[in-house]
Each structure stands twice: as C-alpha cells, then as structure tokens.
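One chain comes next, on its own, written out as structure tokens in the form predicted alone.
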C-alpha cells in the first residue's frame, strides 16, 4: 500500500464507534520486544540497526495481519510524512525523529502498527475504537506470538521480556485509553480525578503521550507498572478505573445541563460560531473549540451532527496533515488560515446549536449575575 492510499482512508478507530465512544475515543495496547544478540537501538551503531532491520522487517511484513499493508523505511520518508504518522498515532514522536535503520509497518485498517528500532527493537501497537482494551490486546498478542516463533526474543525466566527502559521490563505492555473529558474540565473536577487516578498507580498524559499537553480536553490514562503483573490483571484494573471516569464525565455533563444550561449552551454556541466563520485558527484554539462542539453533538445540542465528522476534522487540521494536503511546507500563519478554511468547509452543512430557551430548563434556575448596569 502506498502512503497516499493509507492516508486517504480513515482508520477503523476514527469512525467514532465502540463502547462509551462519546467519552472513550480509543483503546491502545503496545508491547515492547527485543531480540537476543543485538544491542538496544539507542546503544547500537547505524550499521547494527540496519542489520536488525533487514532481518526483522521481512518477518513483520509476512504476518497475515499485514497483508497489503503499508511498510516504509524512514530514510525514504519526508519529515512531514513522518509527522502525519505521529498525528495518526501510528508511530511515536521519538521514533519519527529517527532515520536510517528504522521502519514502520501498518495494516490496511490502521488498527495495527509495528515500529522497528524505536526505543526497543519492536513496538507492537493495536488500536481499537471506544473502550476495547481486550480486543486491542488480543490483536497484538496474536502478532507477538507469531513474531516470537520466527525471531529470538530477549526473555528472562525471572524478569520476563527484557527492554531498553527498566519501567517496561516484565510484560513490556502499556495499555492506554484516550478520553474526552470536557464536562469534568468545565466543572473544575478534572484535577481531583487526575490525582485519584495517579494514586492507584496509573499515569495521565496528554494527546501525544508522555510530556505532552492535554489539548482539546483529551487525556490518556495508562498503566505505569509492567513487572510482576499479568497482562489480564493490568487490563482489568484499567477497565475498572475507566468505567469510573466515564461515569464521572457522564454525571458532570448531566449536572451541567441541569444546573447551568445557559453556560453550557453559550460554550457550545461560541465554539460553533467561531469554527463556522473564523478565517484564522491556531491549532490549540481549534482543538479546544472542536472539543466543545463534540460535547454539544454528544448531548444533542447540535442537531444531526455526526461525531465521526468532528473526529476526522481533529486529524485533518493537524499541522502535518495541513501541509500534506497543501503539498508544500506552510508557515504557521498559512497553517492557521488553511485550518480555518478546512473547518468552515467541513462544518458548512451543520445546523447551528439549539436555542437554550427551547430546552426544558429547570424552573428553579435563576439568571446569573450580570455585569450590565
């Protein structure tokens, strides 16, 4: 499959379906694996990485799941194309920064990607829509078993799978869930939730993983420990936590609707108006406004709004996707203009938000204090 074909079609997980898909955007499981007899990528010379790549890549490409998939060595990829893969969560930012001796193989549905010579020799990643960690794990476990039958994994009977970073030792598994939590943010409940999740040993990260900002009210929750626990136990723990966070977000949405519908409609209405008519949009502004519009769609405040339209737009307006569609490098100012143009076009058929006065408003609600004299 060519790169242009891969990007032309949306991934299965971008279609906005799956359990709790109004709150849970994706479930992802990745495994870190290494081969005996080779130094970890960060400690090996380019010649050694190329040698491993030549050994491993044909095995990865031969997997049935990768039939008619996309396979590319990084020395043949432009900076923009690598960044597009990052924005689609198919490769990590760290992997995209590498060049010779590195490659990625992706299946046709973009539900499975295998990075070769990332921090570890293999990063095997499965992505599913909604809350579906078990399906994502089943996919990567099957692929992992097949690769282990073809290649000599670095494994210790006492420690488990050996990895470049000690925090991945053992199962080598990181399970993460991408959550959309605008109501918890609007109601100032997000920080207590993050602290509670941290206290039970899970990590909360931003849109693109460790060290990134939680733009668009998007948060990733994942396990931090990989040693001394079985994969099923880790997934069960995360599922229980996610169910509670989803319940908190749903309750926060309902409470906003009941206690402060004017503020909620104002936020959604402002987001719609700016996105629909703006001629300049920064990436951060667009993500945050699209988050509010997605909230409005999920709460039926925006009539007939398909959530998948907004989820696709979240990708289309990312910097590398904009430059790929323009077929040239764009300055930041050009990207802001192009982002606004695409957003206006995609949203032109949407009907505006419903008027707050038409909603069943609780009789006890009183108008908020006004600054008008």
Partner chain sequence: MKCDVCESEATVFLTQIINGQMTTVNLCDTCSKAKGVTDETGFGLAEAFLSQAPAPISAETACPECGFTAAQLKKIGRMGCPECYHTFRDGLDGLLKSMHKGTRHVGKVPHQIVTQNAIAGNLGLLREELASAVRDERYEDAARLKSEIESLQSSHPSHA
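Quick caveat: nothing in here was measured; it's all calculated off a predicted structure. Numbering follows the first chain given and starts at 1.
Note that the form predicted together with the partner chain isn't included here; everything after this is about it.
- Query: Would the partner chain be touched by all three of 35, 38 and 158 in the predicted complex, meaning a heavy atom each within 4.5 Å?
  - Reply: Answer is yes for this spot.
- Among 185, 299, 77, 162, which has any heavy atom within 4.5 Å of the partner chain in the predicted complex? By the 4.5 Å heavy-atom cutoff, the listed residue in contact is 162.
- Query: Out of 132, 113, 171, 217, which one falls within 4.5 Å of the partner chain in the predicted complex, going by heavy atoms?
  - Reply: Of 132, 113, 171, 217, the residue with a heavy atom within 4.5 Å of the partner chain in the predicted complex is 171.
- Task: Sort through 238 to 246, 149 to 157, 268 to 276, 285 to 293 and report the only stretch with a non-hydrogen atom within 4.5 Å of the partner chain in the predicted complex.
- Result: The contacting stretch is 149 to 157.
- Query: If you check in the predicted complex, is residue 254 within 4.5 Å of the partner chain, heavy atoms only?
  - Reply: Residue 254: no contact with the partner chain in the predicted complex.
- With heavy atoms only and a cut-off of 4.5 Å, decide whether residue 229 touches the partner chain in the predicted complex. Residue 229: contacts the partner chain in the predicted complex.
- Message: Quick check on residue 166: any heavy atom within 4.5 Å of the partner chain in the predicted complex?
- Response: Heavy-atom contact with the partner chain at 4.5 Å: present for residue 166.
- Query: For residue 141, is any heavy atom within 4.5 Å of the partner chain in the predicted complex, or not?
  - Reply: The answer is yes: residue 141 has a heavy atom within 4.5 Å of the partner chain.
- Query: Can you tell me which residues in 107 to 122 come within 4.5 angstroms of the partner chain in the predicted complex, by heavy atoms?
  - Reply: Result: 119 alone.
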